Ligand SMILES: Nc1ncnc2c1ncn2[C@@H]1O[C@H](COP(=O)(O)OP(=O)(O)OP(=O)(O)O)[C@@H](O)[C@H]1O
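Just the one chain here, laid out as structure tokens, in the form predicted on its own.
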Amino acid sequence: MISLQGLEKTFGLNRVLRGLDLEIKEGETITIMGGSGAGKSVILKHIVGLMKPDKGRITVKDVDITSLKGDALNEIQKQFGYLFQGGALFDSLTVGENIAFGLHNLRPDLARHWKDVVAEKLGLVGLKPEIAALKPAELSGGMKKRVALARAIAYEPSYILYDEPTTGLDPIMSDVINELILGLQKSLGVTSIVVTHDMTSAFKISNRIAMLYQGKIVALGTSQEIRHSTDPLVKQFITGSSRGPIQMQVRAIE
């Protein structure tokens, strides 16, 4: 359904993507793992059309989106829900208003019944409809993440992009989010693309895992294939060892 072909992206002197290729299958949950600054979030922004590659092409359902602009690009973007790393809720709006934000433009048919949409989506992420009247400041970190997820699915997208969905959460709440990702894939039939450092999460939710290193996908396989990989790059990342082919710059604390 989504194809990334030969993507290249440079910011100043930093070559982030260096001819990246990746095929994403309909209905799967695929996780992209890699070190900090490797370009995982940059990939998500290219997929949803927020960034344009310097070279290469991205196709969504056989439509090349790299050359699309304006209304044509907006029509493609309506198919995507995006869970931002920090949630990105609007503090001045209520929970319900946050979830319904954008419905008028994206799904005017649903906007007429936005309160029903809010209650339904809150239920899907395990929250009671009564919290719709609260402000984000009144919520815990885990609740904020779930509200942000409810907003991402409010207009019933075909794809959900998750940017570090378990960052900042304790292990139990992280597993709650993992279960939600699995549940939404089954109940909504969505295609999910996740970027994360959390290997526990990656192994639980993923149909396939791709490893990003030096601007390319260097390993791709099922959770079990990645877990038992003999590739030294993959093994080092999974174990979190500072020794191996992945070299990190470490500055001594004086």
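Note that residue numbering begins at 1 and tracks the sequence as displayed. Bear in mind that the values here come from a model prediction, so they are computed numbers and not experimental data.
The form predicted together with the named molecule is left out here; the points below concern that form.
Candidate site formed by Gly35, Gly39 and Gln85: every one of these residues places a non-hydrogen atom within 4.5 angstroms of the named molecule in the predicted bound form. Figure note: of the listed segments 215 to 223, 182 to 190, 41 to 49, 66 to 74, the one touching the named molecule in the predicted bound form, with heavy atoms no more than 4.5 Å away, is 41 to 49. The named molecule in the predicted bound form comes within 4.5 Å of no heavy atom belonging to His228. Using a 4.5 angstroms threshold between heavy atoms, Val16 counts as touching the named molecule in the predicted bound form. In the predicted bound form, at least one heavy atom of His197 sits within 4.5 Å of a heavy atom of the named molecule.
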